[in-house]
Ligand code: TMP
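Below, in structure tokens: the form predicted on its own, a single chain.
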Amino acid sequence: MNKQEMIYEGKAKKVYATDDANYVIVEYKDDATAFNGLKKGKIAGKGVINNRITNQLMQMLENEGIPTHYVKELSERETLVKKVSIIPLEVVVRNISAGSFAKKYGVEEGIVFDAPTIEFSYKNDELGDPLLNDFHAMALHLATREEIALIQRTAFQINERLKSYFNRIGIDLVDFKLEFGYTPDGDFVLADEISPDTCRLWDHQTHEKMDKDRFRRDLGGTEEAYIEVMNRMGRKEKA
């Protein structure tokens, strides 16, 4: 399948058309942004790491019955995926208080919830991706009641599988962002990525941050944290 013109460039990825309208090629960049693009920088090697981590996790989810857009890893930075019309909702699943949740509700970070919680944001950069509830999403025709129920059910299923996976390599899955959509054939799938860019990951023993919070908060050691996540996942695959 041949790579053609670039059809989209986002904060972390470029998307290219192919000679098959049902598929696109995603290229992962080293660019890093935070706070809705107000903070910008680069994390050396991030694109390579996020490509590999995402593909490994997508394949794991596929094997456990969660449909995704993943097709084939093409190179260290590029992956062939199904073309997806994204539902304009960012879905965040939270297991432990952190980040904007802790700040917004005036609680300390690190509180383990009795049950995971879920929140939606309107996927709109110009508006700053505002939070919304089910009724807002339906009023704005972003998703139907049935789609929202499907998204919630699938997101919690993904959470259980990812929590279990990361637990086995000594990492706590604090929270993470998901995006869903439809293929040209009308199949509902998980899209985008699952990586230290889109997940909060803490070392189980030390609670050391192993994700983009190291970049957001100028903690240093961002590249090393991403590499450590990838290395632990690689050791698990070989076990």
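In this text, residue numbers run from 1 along the sequence as written. Values in this document were obtained by computation on a predicted structure and should not be read as measured data.
From this point on, the text means the form predicted in complex with ligand TMP, which you will not see here.
Just one of 117, 152, 100, 167 comes within 4.5 Å of ligand TMP in the predicted complex, counting any heavy atom, and that one is 100. Only one of the listed residues (78, 129, 160, 134) places a non-hydrogen atom within 4.5 angstroms of ligand TMP in the predicted complex, and that residue is 129.
For the candidate spot formed by 13, 87 and 180, no residue has a non-hydrogen atom within 4.5 angstroms of ligand TMP in the predicted complex. Of the stretches 68 to 76, 90 to 98, 152 to 160, 134 to 142, only 90 to 98 has residues with a heavy atom within 4.5 Å of ligand TMP in the predicted complex. At least one heavy atom of residue 199 is located within 4.5 Å of ligand TMP in the predicted complex. Although the partner is absent here, residue 28 is not a contact residue: none of its heavy atoms lies within 4.5 angstroms of ligand TMP in the predicted complex. Of all the residues from 152 to 178, those having a non-hydrogen atom no more than 4.5 Å from ligand TMP in the predicted complex are 175, 176, 177.
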